[in-house]
Every structure is written in C-alpha cells, then in structure tokens.
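Let's start with one chain on its own, the form predicted on its own, as structure tokens.
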C-alpha cells in the first residue's frame, strides 16, 4: 500500500484543484511550477512524495499546449522523486476531436497525447466526459472517466421542466442527450448537422423530433466557438421552438463564443467548472455546476481500492 496520498496542481485550474483537495479534507501539496524567460517550464515538488499516491490535477486549457507539456513535466518530476503511483487528473482532455483519421494525411493527436502521458510515467488517468468514447482505448494504463451527466441532470430535475425537449446538437451526441432525456423524462430531438471542412463552422440541416411550441434544452459535451450552438438555436427557432436552455460539460468558450452566446437570448446557460471561466466569460445567464465532489470522491475511492463505477449507480 502507498504511504498516504497527495494532490498537486499545475497552473491550468488551481481553483478546481483546491476544491477537490477540500472535498478530501486536506490541503494541496506544495509544488513550484513556472516558466523561465525562454518559456522553458520548471517544476519542483516542495515536499517528500517518495512512495506516496500522487494526483496531479491539470485540465488541458488555454494555453492548451503549455498545459499539456506542464503536466508531462510534472509527471516526470514525480516519477524521478520516487512517487509510489502517479494519477493524471485531467478534467478536460483537449484534442478529443482528433480521435481518428477522417481525412488523408492527418494525425490522431488524442492517441499521441495518451502515448506521451504513459511515456512520462503516469500510472493511471482520471478524466471526465471524453469527446469520443474510443479515446479510453488509446491508453494502456487504467483510465476512469467520470460523467457530468449526474450533476447536470440533478440540477435540471430541480427545475421541474415541462413542455421541454432535450436536443442533441448532432447525431454523434445522440446518446449523451438521450441519457439526459431519460433521466428528466423528456422527449428527444436531434439536429442533423454538417461540419464545413476544418473551419470550426457547422451548418445545421434538419431537426429530427418535435420542438414546435416547446422549450428546448440543448446539450453538447463542449462549447468551443459556439458555432454549433448558434446553428442549432437558429434551426430550432425556424421549427417553432419557444425558448432555449443551453448546457455543456466543458465550457471552453474560445474565440467569438461569448459574444455568440450573449446574442442568442437563451433562458439559461448551464455548464460545469471542469475548465476555468474568467470574469470576461461569466455571462449574466450562466450557471456553473461544481465537479470537485465527483473528482474528490473518485480520488478517495482510487486511493482506497474501492470501485469508482459505484459513483454512477
């Protein structure tokens, strides 16, 4: 067995790491992480981690590539400090859309990052709502994937939504939206979407399902530039939808996302805090649900050798 456990964080989302540590009733571990003037990243653990069960919290958020490299360096430093076991806690796994060769001569970056995490010395990964389920299979080490469906569905249950339809933004998100619809006992609709090349734009084509005169609860796994959400809202309104609630698990909100979301006049935008949201991204109709309880409980179970799957039952 390991000598106790410790939770450390990089610079990506220290607020979430602090909340996870608080859930477990202990302070964050001490570690120095900074960049030299030449942009080289330096990491040094400021306490003994020999034979300890170490958890490194780092979502892959802006600047994404720096966040990834920072975690890799933290893993390497922990391994060289003789940590007993190293778990990479990655609430948001970037490059999730690069999960297959869907065009000639393109990479599978999600697999590349998995390889890099293993090479650096990670013993296991704890994450939440990967963009594609097959990314789990890119790892040769244990991976636990938490599901933000539970806090999100619990929140909407408390709202007693009636005359609402849950809407998937595309066919690929049908299962995610169906799971929410089942938990809320609401009907389901699907947007038939076509993405235009690699331009981060999408054209909504058809609405499959009944939305006329109803409120629509649109669910996506992440909102990046919000182009998909804009297309979905336009298509739903053209089909007679009454009002909109927008929800996602990972509010990346890059580029024009905030301006686009503000223009949609949605009743509410419900997200989690898997990624940090600065003041400039906190719209007046934004509700942020905490995921620290899930991550804290999962870490406690991993450390004690209990089932993480029991959290989903």
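Residue numbers count along the first chain shown, from 1. Given the structure is predicted, the values throughout are model-derived calculations rather than measurements.
We do not show the form predicted in complex with ligand R5P, though everything after this point is about it.
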Checklist entry - Hey, in the predicted complex, does residue 214 get a heavy atom within 4.5 angstroms of ligand R5P? => result no
Next on the checklist: in the predicted complex, is there a heavy atom of ligand R5P that lies within 4.5 Å of any heavy atom of residue 224, even though the partner is absent here?
Outcome noted: yes
Checklist entry - Taking heavy atoms and a 4.5 Å cut-off, does residue 97 contact ligand R5P in the predicted complex? => result yes
Item to check | Distance check, residue 87 to ligand R5P in the predicted complex, heavy atom within 4.5 Å | outcome: no
Next on the checklist: in the predicted complex, does every one of 9, 58 and 70 come within 4.5 Å of ligand R5P, counting any heavy atom?
Outcome noted: no
Checklist entry - Counting only non-hydrogen atoms, which stretch in 76-84, 122-130, 165-173, 144-152 is within 4.5 Å of ligand R5P in the predicted complex? => result 165-173
